[in-house]
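Take a look at this one chain, the form predicted alone, written out in structure tokens.
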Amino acid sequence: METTGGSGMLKDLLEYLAKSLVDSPDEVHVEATETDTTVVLELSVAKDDVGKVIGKQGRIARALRTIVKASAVRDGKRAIVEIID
């Protein structure tokens, strides 16, 4: 598994969206792991910002996943977003 082209764009997209949601944008980190058909993005934020990234009833997390998945489909990939707490 390696991080290359398409996952870099997805990583940047998720990082940008997460940084705009949190109080501590410097503590936002995204790790991307890519296989032939799937990109797994692990999002970690400051402990105090986890709730902001998840949102009420998981709505913001669901929206982030939807945006990233839609972007991945253009490259013929599946995207999985995991929020690490």
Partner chain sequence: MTEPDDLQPLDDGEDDDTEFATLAGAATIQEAKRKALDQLRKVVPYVNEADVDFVVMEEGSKGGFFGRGKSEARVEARLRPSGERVAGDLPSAAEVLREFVHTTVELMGIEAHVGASVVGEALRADISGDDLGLLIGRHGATIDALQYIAAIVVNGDRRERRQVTVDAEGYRERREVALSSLAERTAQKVVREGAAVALKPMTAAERKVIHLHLKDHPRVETVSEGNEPFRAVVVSPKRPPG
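Positions refer to the first chain, counted from 1. Owing to the predicted nature of the structure, the values given are computational and were not obtained by experimental measurement.
One more form of this protein exists, namely the form predicted in complex with the partner chain; it is left out here, but the text below deals with it.
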inquiry  = Ser20 versus the partner chain, in the predicted complex: is there a non-hydrogen atom within 4.5 Å?
reply    = yes
query = Is there a heavy atom of Thr66 no more than 4.5 Å from a heavy atom of the partner chain in the predicted complex?
reply = yes
inquiry  = Can you tell me if Ile60 lies within 4.5 angstroms of the partner chain in the predicted complex, counting non-hydrogen atoms only?
reply    = yes
message = Is it true that Met9, Leu13 and Val73, all three, sit within 4.5 Å of the partner chain in the predicted complex, judged by heavy atoms?
response = yes
